[in-house]
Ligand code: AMP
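Let's start with one chain on its own, the form predicted alone, as C-alpha cells.
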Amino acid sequence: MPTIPKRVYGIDLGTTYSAIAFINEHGKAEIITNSDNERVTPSVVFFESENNIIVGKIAKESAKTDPNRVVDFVKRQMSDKDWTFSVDGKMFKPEEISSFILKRLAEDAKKTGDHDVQDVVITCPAYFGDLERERTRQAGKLAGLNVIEILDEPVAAALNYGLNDDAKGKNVIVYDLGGGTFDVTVVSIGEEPSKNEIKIICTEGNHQLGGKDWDDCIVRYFVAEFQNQTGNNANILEDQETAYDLRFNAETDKKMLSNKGKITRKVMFEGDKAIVELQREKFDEMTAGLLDQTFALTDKVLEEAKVRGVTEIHAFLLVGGSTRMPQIKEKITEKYGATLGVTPVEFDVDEAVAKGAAKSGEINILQQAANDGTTKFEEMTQEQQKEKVEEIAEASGKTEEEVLLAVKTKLKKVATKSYGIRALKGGQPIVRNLIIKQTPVPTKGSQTFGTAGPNADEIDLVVFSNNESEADALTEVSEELGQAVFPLDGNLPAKAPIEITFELDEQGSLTLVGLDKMHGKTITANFKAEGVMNEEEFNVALEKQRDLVVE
C-alpha cells in the first residue's frame, strides 16, 4: 500500500499579506487563522532584539516607532541579487526574511489548529524567474519546511476556480492585483466531466506594480497638501517615522475609500498641521495611470491568447486584495465589458491563491502515489488502475471518486520568460533566445554555435532572461542570470560546431546541455542563477537562525 503524506499545506507568500490553507476532512480548501484570529498575516518582519523576531500585525505597527528595525515588501527584493537588510551587526537576504514569515505561518497553524506543517506548496508571481523561484524554495527550507512545489499564483487561483463543476469548458482571465505585484493570465479549463484539465495559455505581469503604488499616490497627495497648506516645503518623507505613519494611514484610507466618497486625514510635522481631504474621484484620477499599466498587460495577454487560438473569454476573475477598489471593477467593465461580453467578478480575492496551492498539494501527493512504482498510472490496464485507486483511497481516507479525479487532473503551464545566451549578430552583441516565453512547458530549444578560435578548451555561456517573444533580444532589455562553463577536449578547429540546448521544466528550473558534435560528447549543467545561495551560504544562514525566536 502506498505511503501518503497526511497533508500538504498551501502558502500564499504575499508581498503585503500571507496566508496558509489546507484541505479539510470534507475535501474543501480552508484558511487557517493566525494567532491574532485573522485569516491573513501581514508580510512584515520586526527585529525586536538581537534574538527575537516578530512577524505580522505587531511588526507592522512597530514600523511607526522603529522603522530601521522593520522590513516589509521583501518580495519585491527577491530579484535583487545584492539586496540585504542590516540589523544588530547581521545582514539578511530576502530569502532569509521570507523564511521568518513562513515560519510564523507554520507555527501559528500549530497553535491555532494543531497543524503539523511540514510539506508545503508555496506560490510566487507567474513571471518569477529561476533566481526568485529558487530563493522562494530556499526560504521554505530555511523555515524547516519540505517544499513540494513552487506554484504560480494565477495557476493557484485558476485551480481554486477551475476545480468547480461550473468552470468546465471555460476560458478565464485571472486579473491578480496584489499588494505589491500584478499578474494577468488566460486559462483554459477542459470540459470533460471525468477529469480536470487546466491549461495556462499565456501570462504577463509586473513585480513592481501593486496596491502599494496606489498607497504611494495617497502619500504623495498628503505631502503636497501639507506643503500647500502650511508653506513648509520640507521633504517630510525624509523623516522615517513620519514616512511610515503616512504609508500606514494611506493603506487604511485606500480601504476606506472603497466604501466612502471621501476621507479626511490630519498630517503633522515639525509643529505644522494640515487637515487633508481626499475624495474618491480625486483618488481615481491620481491612480488612473497605474490602472492603465494593468490594462496594457491585459491587452497584451488577450492578444497573445488570440494568436494561440483562444478568441473567447467566458469569465473575468478578480483576485488579490487590491481588486476591492471600486475603480478596478468599474474601469474593467467599462473597457472590457462590451468587447469580451463578461462582467468582472471578485473570486475569493484574499484566499484564492492559498486555497489553490493547498489543492495543488493534494493533487500532487495523490498523483505521486498513483505513479509510485515501475508503471505510470496512465499506462496501467483498467483493472490495475482500479486497484491502485482503491489502495490510495484506503491509505488517504478519501473516496475513490476523489482520488480518481485528482489523479486525472492535468495542469499545463507555460514559460513565463524567454531564455537565451549572449551571441554576436553583425558584430553586435545580442541575446539569442532558445526558449520563447508562453511556450508550453516542459520544453527545450537548441541551436548550434561555432567556437571562436582553434583549440578551445572550454566554452563560456552567459545566460539571460527577457520578456521578448522573438528569437533575438537586445542585451539592454535582458537580465543576465549567470554563466555556465562547458569544458571541451581542446583539439577542436575554429568554428567547431557546439550544439547548445536549454531545457525548462514545469518548476521553472533551467538545464543547459552542450553537445560537441565533432566528438559526440555531451555535457550537462543544472543552471542556477547568480544570487542563489550555495550550500555553504545556506548552511551559514541556517546556523544564523538557530538562536532566533520568531513569533
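A residue's number is simply how far along the shown sequence it sits, counting from 1. Only a predicted model underlies this, so the values are computations on that prediction, with no experimental measurement involved.
The discussion below concerns the form predicted in complex with ligand AMP, not included here.
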Notebook entry, point to check: Of Ala473, Ile200, Ile436, Met325, which residue is found within 4.5 angstroms of ligand AMP in the predicted bound form when only non-hydrogen atoms are counted?
Noted result: Met325
Next item on the list: Could you check which residue among Gly140, Gly445, Gly205, Gly321 gets a heavy atom within 4.5 Å of ligand AMP in the predicted bound form?
Entry: Gly321
Next item on the list: Specify the contacting stretch among 142 to 150, 115 to 123, 174 to 182, 85 to 93, defined as having any heavy atom within 4.5 Å of ligand AMP in the predicted bound form.
Entry: 174 to 182
Next item on the list: Verify the contact flag for Phe527: yes if a non-hydrogen atom of it lies within 4.5 Å of a non-hydrogen atom of ligand AMP in the predicted bound form, no if not.
Entry: no
Notebook entry, point to check: Does Arg247 make contact with ligand AMP in the predicted bound form, using a 4.5 Å heavy atom cut-off?
Noted result: no
Notebook entry, point to check: Does the 4.5 Å heavy atom contact test between Gly211 and ligand AMP in the predicted bound form come out positive?
Noted result: yes
Next item on the list: Answer yes if any heavy atom of Phe22 is within 4.5 Å of a heavy atom of ligand AMP in the predicted bound form; otherwise answer no.
Entry: no
Check: Quick one: which residues from 248 to 269 get a non-hydrogen atom within 4.5 Å of ligand AMP in the predicted bound form?
Finding: Glu251, Lys254, Lys255, Ser258
